[in-house]
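Just the one chain here, laid out as structure tokens, in the form predicted alone.
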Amino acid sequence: MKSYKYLCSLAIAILITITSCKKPDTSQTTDTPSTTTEILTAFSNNVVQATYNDLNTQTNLLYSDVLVFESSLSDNDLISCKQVWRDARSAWEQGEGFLIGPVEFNNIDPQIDTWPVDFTKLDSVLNGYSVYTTTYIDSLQDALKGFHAIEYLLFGKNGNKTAAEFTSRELDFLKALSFDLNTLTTELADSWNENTNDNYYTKFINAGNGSSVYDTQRLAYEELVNAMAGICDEVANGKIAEPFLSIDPSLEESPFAFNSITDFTNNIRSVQNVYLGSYTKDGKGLEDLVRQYNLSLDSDMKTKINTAIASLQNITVPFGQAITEQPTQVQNAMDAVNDLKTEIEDELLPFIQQHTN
């Protein structure tokens, strides 16, 4: 009897010891749970609306500055135009991680951001006699308007254009293109404004709850995650790979402003913004859902995002030069962005599909 009690006591002691020594489950977190609806709503407010409103503000400033420059023809005012172009460009590139909704199906993206510029046709537009009315601008091919046509006019082929080099036709065209860009970004910002008719904001946050676009929340989340992977693919295998592998700087994005690396970095920051749920202020994002179930995936996502951004920052000369002068850094950046793309497609997407309805 004594032996039995001893064995029982010993077994209990061992069990207590094993239990007390067991490591906590690091795959989950005790963070306050976030509902999938909260995340969709917060993303729409803190990322989409914040980004598009900033973009619209900057393009409005660009148009205003162009009008001032047209009147003054001073180099200082031209410098202001160039800086505001960069500011607007930053907002736009940080929106490319969520090219969903009106920016896609209303063809706003190609009208704003088609590259490279078609120099031959652009010169014919400048050398012709057409009046740059709204109707005329609308009729132009996408490669003749938007950010990059404006960039070409502001910076010149070598990036050092001065006020004295502008012709009256260039000033008229610059004014018309800047107005068109502002019009398109106004349309884009309004499309996600919950106070406008038939807005996309309401359709998105009500996914799975009466939305006319998304029968389930899973469809909204899948589209969002696929958009994140899509911009990674475009950066790595389009924007970087095409000029790099063909050793052709003419295929570079934003070459006149020497802004390509900044563009690429802001594209990855766009992915980061979607994941964290932040632009100018923090909110709920995909990370809040991931952290509830899988801290390892959350860590991997953040590490790969940061690695991709850092690898792009390791390119220290304009991208057109880097493709021949810093090929190792360019290759490393391309690999890091592709690594992030794989993580999103192979790990984040299945996770989202598992944890949304």
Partner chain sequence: MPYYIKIFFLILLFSFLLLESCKKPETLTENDYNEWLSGGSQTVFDKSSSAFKHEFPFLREDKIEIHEIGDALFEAQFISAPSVIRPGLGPVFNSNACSSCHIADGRGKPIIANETSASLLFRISIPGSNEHGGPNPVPGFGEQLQTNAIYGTQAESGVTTTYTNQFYFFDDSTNYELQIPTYTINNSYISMPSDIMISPRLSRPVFGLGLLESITEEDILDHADEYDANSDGISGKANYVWDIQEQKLVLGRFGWKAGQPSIIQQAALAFNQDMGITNFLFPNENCYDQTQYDKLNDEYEISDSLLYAIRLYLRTLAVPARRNADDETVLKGKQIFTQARCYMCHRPMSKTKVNVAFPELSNQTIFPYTDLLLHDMGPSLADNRSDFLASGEEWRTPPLWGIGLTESVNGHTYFLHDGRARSLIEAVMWHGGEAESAKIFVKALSQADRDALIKFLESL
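The structure displayed is predicted, hence computed values, not measured ones. Numbering follows the first chain given and starts at 1. Think of the rigid core as the biggest set of C-alphas that the two forms share within 1.5 Å after superposition.
If you look for the form predicted together with the partner chain, you will not find it shown, but the lines that follow are about it.
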property: Heavy atom contact within 4.5 Å of the partner chain in the model of the complex, the stretch among 272 to 280, 132 to 140, 259 to 267, 83 to 91; result: 132 to 140
property: Listed residue (Leu171, Ala241, Leu251, Ile79) with a non-hydrogen atom within 4.5 angstroms of the partner chain in the model of the complex; result: Leu251
property: Contact residue in the model of the complex, from Leu154, Leu286, Val117, Val225 (heavy atom within 4.5 Å of the partner chain); result: Val117
property: Check all three, Thr307, Leu348 and Pro350, heavy atom within 4.5 Å of the partner chain in the model of the complex; result: no
property: The partner chain contact at Gly128 in the model of the complex, heavy atom, 4.5 Å; result: yes
property: Contact test in the model of the complex: Asp190 vs the partner chain, heavy atoms, 4.5 Å; result: no
property: Residue contact check: Asn106 to the partner chain in the model of the complex, 4.5 Å heavy atom; result: yes
property: 4.5 angstroms heavy atom contact with the partner chain in the model of the complex for Ser124; result: yes
property: Cα displacement of Gly210 between the shown form and the other one reaching 2 Å, rigid core superposed; result: no
property: Core superposition between the shown form and the other one, C-alpha change of Ser130 at least 2 Å; result: yes
